[in-house]
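Shown below, as structure tokens, is a lone chain in the form predicted on its own; questions about how it binds or moves come after it.
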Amino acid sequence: MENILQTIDLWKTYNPGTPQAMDALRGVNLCFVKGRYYAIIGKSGCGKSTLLHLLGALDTPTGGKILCAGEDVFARSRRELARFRRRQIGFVFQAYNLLQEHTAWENILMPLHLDGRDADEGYLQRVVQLLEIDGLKNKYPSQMSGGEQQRVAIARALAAKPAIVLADEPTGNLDPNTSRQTLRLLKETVADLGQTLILVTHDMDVAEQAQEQIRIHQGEITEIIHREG
């Protein structure tokens, strides 16, 4: 199995060198295999979101390395790092973050426009169909339910064909039924497209569906549970 992402002795310290210094992550070593679904779990403040932000190069580590396909992510220049985020990583957040003045389809295309790339219409149509949002293309976020907005946000995250999808509490704002449906569609879509899904959650029902559960406590990995399938 191919390691698509790896952390080596990863540390993140906030306010280093001051009396307020706090270690959010402490020597984290993890391997993520291409095409699998990972759930990162733990109590609030344990370092889950910090780890996700580092994996997506939204933040920089204090120590250690992150390798993507064997290459040091943070050895890149600022421009190369931005390109890495745009092309290799898809982000799904709890708050949807859709642009209110744009239609669903325009929101989905936005990452490609920002990167100066043409859309692969066939691929995007497949994503839209898998997420069951074909009828929402011309609607604005204010005309959609929370679950519909989150599915549009997922499609936007997948638009650039990222190898890795990072999701931070993606169903946290949804009611239980909508949450289950949205998670099912997210899982089925990334599996169909062969992408690696790394999801942060405090919901054990969500975590139980993952192929790998990674538990964090006070910035350290305390348990990894592997499941077949």
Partner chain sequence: MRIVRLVLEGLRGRKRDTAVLGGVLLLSFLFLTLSSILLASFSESAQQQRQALHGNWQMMYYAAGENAREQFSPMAECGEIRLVGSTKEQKWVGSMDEAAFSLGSFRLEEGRLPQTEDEIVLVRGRTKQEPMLGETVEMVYLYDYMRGGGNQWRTDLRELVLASLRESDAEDTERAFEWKDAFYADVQAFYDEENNALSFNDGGTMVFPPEYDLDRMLAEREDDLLYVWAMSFMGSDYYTMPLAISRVTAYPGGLYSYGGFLINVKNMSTQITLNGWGYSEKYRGKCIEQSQTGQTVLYKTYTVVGYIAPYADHWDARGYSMPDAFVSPAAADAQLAALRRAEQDYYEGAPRFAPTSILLMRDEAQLAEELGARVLPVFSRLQEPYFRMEGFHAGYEEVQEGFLIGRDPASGKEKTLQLFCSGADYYLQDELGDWRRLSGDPRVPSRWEEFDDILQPMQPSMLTLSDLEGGGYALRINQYSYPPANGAESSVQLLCSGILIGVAAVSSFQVFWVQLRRRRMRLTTLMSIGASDGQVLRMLCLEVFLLLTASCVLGFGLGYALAWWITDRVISVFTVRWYYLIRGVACCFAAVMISAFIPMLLVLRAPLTGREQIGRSILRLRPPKKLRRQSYMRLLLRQMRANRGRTALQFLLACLLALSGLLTVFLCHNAFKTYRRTVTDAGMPDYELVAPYGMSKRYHNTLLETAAPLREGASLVSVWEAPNVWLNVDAYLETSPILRALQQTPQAAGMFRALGEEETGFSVRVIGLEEDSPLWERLFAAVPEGAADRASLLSGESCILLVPHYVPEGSGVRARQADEESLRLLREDEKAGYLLDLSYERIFAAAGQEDRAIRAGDSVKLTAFSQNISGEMLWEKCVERKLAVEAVISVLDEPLWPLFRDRASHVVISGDALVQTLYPSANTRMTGDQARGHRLMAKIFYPDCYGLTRFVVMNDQQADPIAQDTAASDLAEEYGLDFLNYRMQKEREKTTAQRRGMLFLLLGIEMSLVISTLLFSAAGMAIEQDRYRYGTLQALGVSAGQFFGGELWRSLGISAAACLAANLIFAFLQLLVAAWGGGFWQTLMENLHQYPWLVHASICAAFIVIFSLIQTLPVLQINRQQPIQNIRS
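Numbering follows the first chain given and starts at 1. Bear in mind the structure is a predicted one, so any value in this text is a computation, not a measurement. Only the largest set of C-alpha atoms that superpose within 1.5 Å between the two forms is called the rigid core.
One more form of this protein, predicted in complex with its partner chain, exists but is not displayed; see below.
Trainee: How about N97: is it within 4.5 Å of its partner chain in the predicted bound form, going by heavy atoms?
Mentor: Result yes; N97 sits at the interface with its partner chain in the predicted bound form.
Trainee: Is P111 a contact residue for its partner chain in the predicted bound form, using a 4.5 Å heavy atom cut-off?
Mentor: Heavy-atom contact with its partner chain at 4.5 Å: present for P111.
Trainee: Does E148 reach its partner chain in the predicted bound form, with heavy atoms at most 4.5 Å apart?
Mentor: The answer is no: E148 has no heavy atom within 4.5 Å of its partner chain.
Trainee: Taking the shortest heavy atom distance, is R36 within 4.5 Å of its partner chain in the predicted bound form?
Mentor: R36 lies outside the contact set for its partner chain.
Trainee: Since the chain is shown here on its own, which stretch among 57-65, 38-46, 172-180, 189-197 would lie within 4.5 Å of its partner chain in the predicted bound form, judged by heavy atoms?
Mentor: It is the stretch 57-65.
Trainee: In sequence order, which positions of 33-55 have a non-hydrogen atom within 4.5 Å of its partner chain in the predicted bound form?
Mentor: The one in contact is H53.
Trainee: Is it true that R87 shifts between this form and the one not shown by 2 Å or more at the Cα, once the core is aligned?
Mentor: Shift of 2 Å or more: no.
Trainee: Has the Cα of E101 moved 2 Å or more between this form and the one not shown, judged after a core fit?
Mentor: The answer is yes; the displacement is at least 2 Å.
Trainee: Superposed on the rigid core, does the Cα of S77 end up 2 angstroms or more away between this form and the one not shown?
Mentor: Shift at S77: below 2 Å after core fit.
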